[in-house]
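There is one chain below, alone, in C-alpha cells, taken in the form predicted alone.
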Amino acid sequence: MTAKKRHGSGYDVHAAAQFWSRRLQSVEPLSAVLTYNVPPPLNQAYDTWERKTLQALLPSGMKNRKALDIGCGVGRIAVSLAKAGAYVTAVDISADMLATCRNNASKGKVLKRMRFVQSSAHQISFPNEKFDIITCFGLLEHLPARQRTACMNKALGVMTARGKLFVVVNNKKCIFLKNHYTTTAQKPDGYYVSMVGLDWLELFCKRKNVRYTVKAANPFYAIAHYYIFSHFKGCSISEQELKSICSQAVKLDLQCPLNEKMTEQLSSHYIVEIRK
C-alpha cells in the first residue's frame, strides 16, 4: 500500500508523508517522532515512560500473538512488541520512517518477526486478518478529526474479540499545553497537530460501545518538561542534570497510582486501553 492524496478530505496524505520523511532526515530519530528540537534527555525519558508502561500492560504470554503498530515511526513500540515475542505488522505513512523501523528491527534481532506496510493510518486495510494487540502511540494528535475517527474504526475492525487496543492521547486540560497545540488546519508543509483529549476518546468509545480505561498518565514528566525545562532555560542546567530530573520524574510516573486531580491538571499525555 502506498500513501496517496485523498481529494476533498481536507487532508493531504502525500504532503503528510513527505513532512515526516523530511523531519526524520533533519534531526535524530527520537526528536523526529517525539518533541522536536529539545535536549535528548526529554525525549529519552518520555520514550521510556511509554515503552515501560506498555510492557507492564501487555499480556504475560505475548509469544506468537499478532500485533499491529499504527504509526510506527522509527519502531519504538513495534520493536518492543516483537522483542516481547509477538509477530508485528508495522504501519507508517512515511517510507523513510519504515526504513528506519526496519533497520532498528534488524539491530534488535527481531526482523524475522516483523513486516512493514506503508499506509496512512485511516486507510489501513487487512481484510483477512485480526490482531490481538494494537498500538497507536503518538499518532492521533497528528490526524484531523475525520481521519482520526477513521483510524480508530479501522483499528477496532481488525482487533480480535478479546484483543486490546492501546492508544496515547494528549490532555486538553493540562495547564502546560495551552500554547503548544495551536494548529487548526494542515500546514502547507504537511504538518498537522491538535489537542485530542480524553473527552473525544470517551465519546468515540461510547458511540462504538467499547470499554476504555485510563492506564497511565505522566504528571511528573510534564512538570520536568514543560515547567522545569521550559521555564528555566536561562539557568545553567547541564544535560546530565536534566537527565537525572527526567529519570526521577518518569520513575515517579511509573510507580505512583493515578491521582485524578493531579493527572487532569498536569499530565501531558494519557495511555488508554480499549477493549470490546
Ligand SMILES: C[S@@+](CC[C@H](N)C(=O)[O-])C[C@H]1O[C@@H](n2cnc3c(N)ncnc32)[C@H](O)[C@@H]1O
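Numbering starts at 1 and runs along the sequence shown. Worth saying up front: this structure is predicted, and the values here are computed from it rather than measured.
In what follows, reference is made to the form predicted together with the named molecule, a form of this protein that is not presented.
Undergrad: Considering the named molecule in the predicted complex, which of F131, Y87, F116, F137 comes within 4.5 Å of it through any heavy atom?
TA: For this set of options, the contacting one is F137.
Undergrad: Could you tell me which one of C246, V33, A217, A67 places a heavy atom within 4.5 Å of the named molecule in the predicted complex?
TA: Of the listed residues, the single hit is V33.
Undergrad: Contact between R76 and the named molecule in the predicted complex at 4.5 Å, heavy atoms?
TA: R76: yes, in contact with the named molecule in the predicted complex.
Undergrad: Can any non-hydrogen atom of H142 be found within 4.5 angstroms of the named molecule in the predicted complex?
TA: Output for H142 is yes: heavy atoms within 4.5 Å of the named molecule.
Undergrad: Does any heavy atom of A121 come within 4.5 Å of a heavy atom of the named molecule in the predicted complex?
TA: A121 belongs to the contact set for the named molecule.
Undergrad: Report yes if any heavy atom of C101 sits within 4.5 Å of a heavy atom of the named molecule in the predicted complex; otherwise report no.
TA: C101: no contact with the named molecule in the predicted complex.
Undergrad: Would you point out which of 171-179, 194-202, 153-161, 88-96 contains residues with a non-hydrogen atom within 4.5 Å of the named molecule in the predicted complex?
TA: After filtering at 4.5 Å, what remains is 88-96.
Undergrad: In the predicted complex, which residues of 45-65 put a heavy atom within 4.5 Å of the named molecule?
TA: The stretch 45-65, when checked against the named molecule in the predicted complex, contributes only E50 at the 4.5 Å heavy-atom cut-off.
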